[in-house]
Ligand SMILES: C[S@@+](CC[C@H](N)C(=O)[O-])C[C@H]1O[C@@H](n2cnc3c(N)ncnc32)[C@H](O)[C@@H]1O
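As a starting point, one isolated chain is supplied in C-alpha cells, in the form predicted alone.
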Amino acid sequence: MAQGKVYFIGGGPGDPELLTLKAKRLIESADVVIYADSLVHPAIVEFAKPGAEVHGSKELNLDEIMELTLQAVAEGRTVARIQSGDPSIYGAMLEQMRVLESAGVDYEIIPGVSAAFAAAAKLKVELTVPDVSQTVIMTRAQGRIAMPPKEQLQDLAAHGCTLIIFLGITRMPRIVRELKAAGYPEDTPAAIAYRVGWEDEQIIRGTLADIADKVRDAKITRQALVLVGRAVDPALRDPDLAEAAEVATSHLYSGSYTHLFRRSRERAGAGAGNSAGSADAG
C-alpha cells in the first residue's frame, strides 16, 4: 500500500472565504482532517468530504496528534492538518515536521492569510508607507516563553517601525511601557484586532496613551493582535494631506517616475520629440 501524505494548511484568520483555492481543494479531498479547533473557524472544516475523519486538536498533545497522523499515512490516507492564519507564523509546525521527517513521511505546506494581514485589511492601512515606515516587525510579547537575546520588545521597538505583536493582549500595560521606553511617543497610533474574520470580531483604535485602558474596558484576553506605528494612523488616508504634500506617496504609479515597464511623462515626451526630429532630418 502506498503511503499517504500530510498537508499543513493555513486556515486563515477565520473567514472561510479567505481560504486559498488550494487549501479548500485539499480539505475537500482529505481522508483525515486534524484542525486547531480553538482557533480555526468551524465552517472551514465543513468543507471536508462525507466520511472524512475529523479531529479537533485543542485537547491533544503533540504525541497524540502525530499518532493520528502517522496511523493515517501508514494506511495510505491523506491528512489535512489545518492551522490558523499562516502556519509559518507561530504555527508550532516545526516539531510536527521533525516527526514526519524522522518517519520519512511526505508533506507539503499550504500558506494561508495571516491574521496580521487580515487585520491590516480590516483597518484599511498600508503597513509600509513611504517616509513613514518601510519595515514591519512581527513579534510576540514575552510571557512564559522567553524571547531570544536581542529580541526583547524594547530592543525591537527601538527601530520605530510598524510593529505587529502576537500573543500579548494580556500584557498591554507592559507592552505600552516598553514601547514608550524605546522612544515611541504617547500619541503613536495603535490598534487592536480581536478575532478578525470571526462573527464577533472587534477593532479598537487608539494611541499608546489610551490603548491599554481600552483593551481593559473591552475585557479582551485572547486571540487579538496589537498593531503599533505611524502607518496605522487612519489620517494617512485623508486626500487633503496628499494634495498638500504633507505625506509621501509611492513612486510606483507616479507619472514622473520611470521603471522597467513604464517611462515617466518627461522621458516619454522627450523620446517622442527626438523621434520626430529624427524623422524630419531624414
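Residue indices: 1-based, along the sequence shown. Every value quoted in this text rests on a predicted model; they were computed, and no experiment measured them.
A second form of this protein, the form predicted together with the ligand, is not displayed here; the remarks below concern that form.
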Exercise. So which of V215, V232, L225, I27 reaches within 4.5 angstroms of the ligand in the predicted bound form, heavy atom to heavy atom?
Worked result: L225
Exercise. Considering the ligand in the predicted bound form, which of A120, V105, I89, V129 comes within 4.5 Å of it through any heavy atom?
Worked result: I89
Problem set entry | T162 within 4.5 Å of the ligand in the predicted bound form, heavy atoms | no
Exercise. Does the ligand get within 4.5 angstroms of any non-hydrogen atom of V45 in the predicted bound form?
Worked result: no
Problem set entry | Contact label in the predicted bound form: R171 to the ligand, heavy atom within 4.5 Å | no
For this session: May I ask you to state whether R77 is within 4.5 Å of the ligand in the predicted bound form, using heavy atom distances?
Result: no
Seminar exercise, completed: Answer among 120-128, 205-213, 145-153, 188-196 for heavy atoms within 4.5 Å of the ligand in the predicted bound form: the stretch 188-196
Exercise. For 23-40: residues with a non-hydrogen atom within 4.5 angstroms of the ligand in the predicted bound form?
Worked result: L39
